[in-house]
Each structure stands twice: as structure tokens, then as C-alpha cells.
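Below, in C-alpha cells: the form predicted on its own, a single chain.
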């Protein structure tokens, strides 16, 4: 069996060419779906597989598809390719190296929910990739796999690419839909949710690139086969985007349930300069920061167990922080990002990210005291649970857990601020 399910291009040269992809079973699942299965049967198979959304939330994919409102038409499918989370770079590799498996997943999803139009929303910086996907779509049309009455059936489908304008917020599905409609990329109030009120007010399924790329294999080989990998509640493989202070950063496709230790040391080659792991951010800048204890390193990376060590798996953009780094510096970096990317629609996020960033800057500049640290934590806590989308919540994760779990880093910084000529300050400057 192949080592890879999603990153198959690493083993199969030229898999981004249609003839090569078809030689390796490409579009057999799509043909099977539209010629021998009812739409509901496709949805039921995906539901039975236990596939969970790979964009961050981990919501069961088949269940999402089953929520589509069949009393309101037309239906749409939107692939979320607005990959903008710091530390995440998996979707880009899929679309560059194995684009047809991704497109086949979009097409199967469209059949399952009976959508005749599907959109691929790409981050604005992916303009070259969008042009390449357009060529792939044209090749599918020429081969009779897209268009009207595909393969002699009653099913018709068109695919379109759409570039964003570089806004992180458009990774949130309702902001993405607003942007796709030509409006400001700002989140909608929910409910209603996209399966009942989505693109142009019509029922819409929004799935991540990695999620959809799993679908052809599930339809071709069956839910039972898919559940032989991963864990009972988190089946399948996952692409872990590993970065930070490791010797071999990159994308690693591994079964869900693989431990942090195996990812970092076996696949990632350990840390640079023989340093020790101090902390892990398992979901990019949005993460609650995990203290890298022995227990944490041996924790299986799946949607359940990651929560037991005080974080979430998210999109599995694993950032490794070594013992040379102050958590005060890490938090300052995340706050500059979230302040810049806040869409400004809701006050807690707009004002809260601004003030958190400025308080953090004061700490970094050596102008803060213990009261400022308390204020920073209070502002973060007052943002939580009060925003239209998850960005406001995400902006607080590193702040609250960083202060709670690595308070000595902040205390050292505050002590340096109070006594700039202290031996600790001199040593910190040397490091």
C-alpha cells in the first residue's frame, strides 16, 4: 500500500498531469459515484468513514453534507483554499502536487449535495496556483469530466477559481462567502449556517482542501477501509505542517494519533543545536500553548487527546519552540498578526487586539510592570466568547495560556525592565 493518501505525488511522478492521475485510478471514484450511487449514498459513505474537517474545527464531514437544505435551490460547494494560518502550508502542496485528487473530491461533494456550481476560494497570494488550477479544470472539461450531462448522466457541474485579496479573516467560512459575493470579507452572524443559508443566500457546503482530497479514496475503497487508519474517533491520516526550531520542517502525512514526540524527533529530526523542546503550538498562531512535558510529547495528535494537554489540534500546523525563546516574545509576534488581521466588525476583537498588542509592545520595550501584565490577561479574557467569529478567540489563546503556563518568562522580563543593569538582563542580552 502507498505510504501516502494525500501526498501521493511524492511517490508518483507527474501526478499533476491528468493522464498520469487517471492511470493511477483517478476519477474512478467520481465515475462510480455519479453512475452507480445515489447522492445520499455518497454522503452516507463519507459519514460512515468518520472523516472530520481538516481545516481546524474537526467537524464530521458527512454530517455537514447531510445538513444541506433540500427545500431550497440551487446548492453550491465551496472549497476553502484560503490557507493563511501562520505555520500551515499543507493545502498548497496538495493543490500543486496532487491537484486532480483535490478536484475530484470537490466534484464528488458537488454530486453528493447536487450542486451544479462549485468554487475554489484561494488566498490572494496563490495567483500562480489559481492559474494552474484553471488549466486543470479546462483539461477536465476537454475530457468530458466537467460540463453538461457528465459521462452520459443527468449530472452537470462547473468549477471556478476565485482569488481573495490577502485577508486572513476570509479563512472563516462566512467571511469567505461574503468575499466571494463581492462584499467586505467579514463574518456573518450565525445561525443560519451555510448548509441552509450560504453563497447568495442558498444552501452551501464549505470544506477545506485537505478534507475534500480524502473523499475520492473513501468512495473508491469504502468507509471500512478508511477507518483502519488513525483512531476510532479521529480516523484517517493527517498532514502535519511542522515548523519552528526543528531540523527538518515540512509536511508529514501520518495517521491521526501519532505522538508529538514521533513527529518532532523521528520525522522532524529533533531540534536545532541540541536544544530542548520548551513549548508546542499545535494549531499555529491560534493555539493554546502546550508545555512540552514528557506527558505532552507522548500525547497522540488527534482531535480528542490534544485537548487533554490543554490545546486543540486545529489544522495541525505544529510550531515547535525551544528553550532559548521567551514566551513574551512569542505572544508579541502573535498579537501583531491578529491585530493586523482583525476585520474590525466586532468591537471586542477590533479594540481588544489593538490594546493587547500595545500592552505587549510595552512589555517588550521594557516599559511595563506587573499591573500591565494583569491588564493584558484581563483584556484577553474579556474578548473570549464575545466575537462574531473565532479570530477574536484565537487572538487570546497564546496570551492567556502563555501567561498562565510560562509566567516566569514574563516575570523575568518585568524584572529586567525594573533593573536594566541586573545580571539577568546582561545574560539575556548575550543569549
Partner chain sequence: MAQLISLMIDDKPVKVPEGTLIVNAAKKVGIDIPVFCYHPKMEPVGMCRMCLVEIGRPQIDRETRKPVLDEQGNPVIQFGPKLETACTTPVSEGMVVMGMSDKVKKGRQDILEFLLTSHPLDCPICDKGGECPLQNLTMEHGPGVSRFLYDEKMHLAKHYPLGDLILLDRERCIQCGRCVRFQDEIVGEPVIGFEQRGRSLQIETFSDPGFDSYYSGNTTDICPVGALTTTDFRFGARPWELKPVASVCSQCPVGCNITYNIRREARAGGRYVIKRVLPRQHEEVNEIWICDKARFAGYQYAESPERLTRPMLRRNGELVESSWDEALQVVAERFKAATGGLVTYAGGRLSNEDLFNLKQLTEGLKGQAILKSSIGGGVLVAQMGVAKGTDLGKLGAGDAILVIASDLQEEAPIWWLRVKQAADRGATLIVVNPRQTRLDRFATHTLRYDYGSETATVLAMINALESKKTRLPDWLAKYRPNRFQTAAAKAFAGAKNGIILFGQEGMDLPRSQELALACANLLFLTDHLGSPNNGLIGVWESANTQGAWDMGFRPSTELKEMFSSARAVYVVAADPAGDDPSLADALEQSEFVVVQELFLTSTARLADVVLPVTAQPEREGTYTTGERRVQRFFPAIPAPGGVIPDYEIAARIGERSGLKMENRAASLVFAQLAARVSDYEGLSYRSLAETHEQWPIIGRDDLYYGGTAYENTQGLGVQLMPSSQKRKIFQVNWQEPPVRVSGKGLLGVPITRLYDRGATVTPSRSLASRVPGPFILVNETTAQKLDMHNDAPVQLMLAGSAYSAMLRVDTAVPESVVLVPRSLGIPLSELQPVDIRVAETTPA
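All of these numbers come straight from a predicted model, not from anything done at the bench. Numbering follows the first chain given and starts at 1.
One more form of this protein exists, namely the form predicted together with its partner chain; it is left out here, but the text below deals with it.
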**Message:** Based on heavy atom distances of 4.5 Å or less, which listed stretch (206 to 214, 232 to 240, 162 to 170, 299 to 307) is in contact with its partner chain in the predicted bound form?
**Reply:** 162 to 170
**Asked** Which listed residue (34, 68, 387, 373) meets the criterion of a heavy atom within 4.5 Å of its partner chain in the predicted bound form?
**Response** 387
**Asked** in the predicted bound form, which of the listed residues (146, 343, 271, 78) lies with a heavy atom within 4.5 Å of its partner chain?
**Response** 343
**Message:** Is residue 350 near its partner chain? Define near as a heavy atom within 4.5 Å, in the predicted bound form.
**Reply:** yes
**Asked** So in the predicted bound form, does residue 405 come within 4.5 Å of its partner chain, heavy atom to heavy atom?
**Response** no
**Request:** Look up in the predicted bound form whether residue 29 has a non-hydrogen atom within 4.5 angstroms of its partner chain, and give yes or no.
**Result:** no
**Prompt:** Is there a heavy atom of residue 186 lying 4.5 Å or less from a heavy atom of its partner chain in the predicted bound form?
**Reply:** yes
**Item:** Non-hydrogen atom within 4.5 Å of its partner chain in the predicted bound form for each of 280, 293 and 295
**Value:** no
**Request:** Residue by residue through 362 to 386, tell me which have a non-hydrogen atom within 4.5 angstroms of its partner chain in the predicted bound form.
**Result:** 362, 375, 378, 379, 382, 383, 385, 386
